[in-house]
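First comes one chain, alone, set out as structure tokens in the form predicted alone.
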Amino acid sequence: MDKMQWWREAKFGMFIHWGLYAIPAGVWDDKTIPGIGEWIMFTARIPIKEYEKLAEQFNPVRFNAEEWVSIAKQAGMRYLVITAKHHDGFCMFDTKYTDYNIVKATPFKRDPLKELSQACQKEGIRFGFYYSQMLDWHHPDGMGNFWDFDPAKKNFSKYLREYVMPQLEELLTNYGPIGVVWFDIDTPTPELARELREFVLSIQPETIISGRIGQNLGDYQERGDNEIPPTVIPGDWETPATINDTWGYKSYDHNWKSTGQLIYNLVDIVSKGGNYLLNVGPTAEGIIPEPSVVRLKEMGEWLWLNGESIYGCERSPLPLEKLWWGKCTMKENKIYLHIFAWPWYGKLEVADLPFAIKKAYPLLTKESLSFKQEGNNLTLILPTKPIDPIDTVIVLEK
């Protein structure tokens, strides 16, 4: 079977940005620091010696891997990707290549990646990890830190071969089957990117590699953060996205997207052929913020009833510019009309259908709807009110 098959069918995954940056939570020296939470070391130009002190305070005693995986499962997510090492260089797993990791440098002394990988296997969710292969503000040869190190003295290829690859070997050897390795910030040369890709696949050939390995060597295309393309996109692609405005936890970011907006985004992305990797930023105590949990559970309730129109679906067969009322997905002999704007006059005109329709019904009630088809154009008679308050799905069967 094609190793991408499970990923194409999954459509929806959980991203987790968690690390030392959850302690300052967007505040340094009594100042709120602009930008996303996990970039605080860079944005505030915090010296390594100062930032390292956070490790002594990091003790997320409320962390519960099974609870996190349960939230992902209740949300209808099919895979999970967590930050093993973000740009700050702190390792959220047990590694022998630096003491700057959660097991050796913190009072916590546990390996959350090990616990999450086991919980994911138990619940049938694919486990993956994010690894910053390019930026590393803690390592003298990693890219990005110009306030502690002289950029002219960096040896990036040495860093890649003697630090990144050995750590990847640990992650690909000690944590069971890895669904996705999510690199970030393109690897600088085609040669190094290819070497990195071949190294990963030499250990776990079935692992999928994200597009941000760079140089067009990923197994799928990664869109920009929170970027949903305006049109149907060919090939495999994914939108990584936030529920508020940050990835790593920020105590004062309360700009939460509504559940309706998140469901709309999911449907929009799937209708254009992509996957939605939706982020949570847990606190320093190890708690996924309640506003995230509430929204994810509500998304899961919608997917429990309407998941047939999302999982395993293909991009819209209908031209997007004619879908003023919503979005469209397709699977085998069924077209799913996702109606976000309900026609008050009780009729829906659908143009450019690819085949003749034999049945039409709401996915929730399965009650037959009257319709008339002339050539490729269909007129549907709808109930006076939407069945679902956010997105009523109408199934057209050939």
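If you're wondering where the values come from, they're calculated on a predicted model, not measured in any experiment. One-based numbering along the sequence shown.
Keep in mind that the form predicted together with a small molecule is missing from the display, and what follows is about it.
- Contact check at 4.5 Å (heavy atoms) against the small molecule in the model of the complex: all three of F15, I36 and W182 pass.
- Of the candidates G76, P240, P112, G214, P240 is the one whose heavy atoms come within 4.5 Å of the small molecule in the model of the complex; the others do not.
- A single residue from the set W247, F90, Y131, F127 has any heavy atom within 4.5 angstroms of the small molecule in the model of the complex; that residue is W247.
- Residues of just one listed stretch (351-359, 36-44, 58-66, 332-340) have heavy atoms within 4.5 Å of the small molecule in the model of the complex: 36-44.
- D225 belongs to the set of residues with a heavy atom inside 4.5 Å of the small molecule in the model of the complex.
- When the small molecule is considered in the model of the complex, H86 lines it closely, a heavy atom lying within 4.5 Å.
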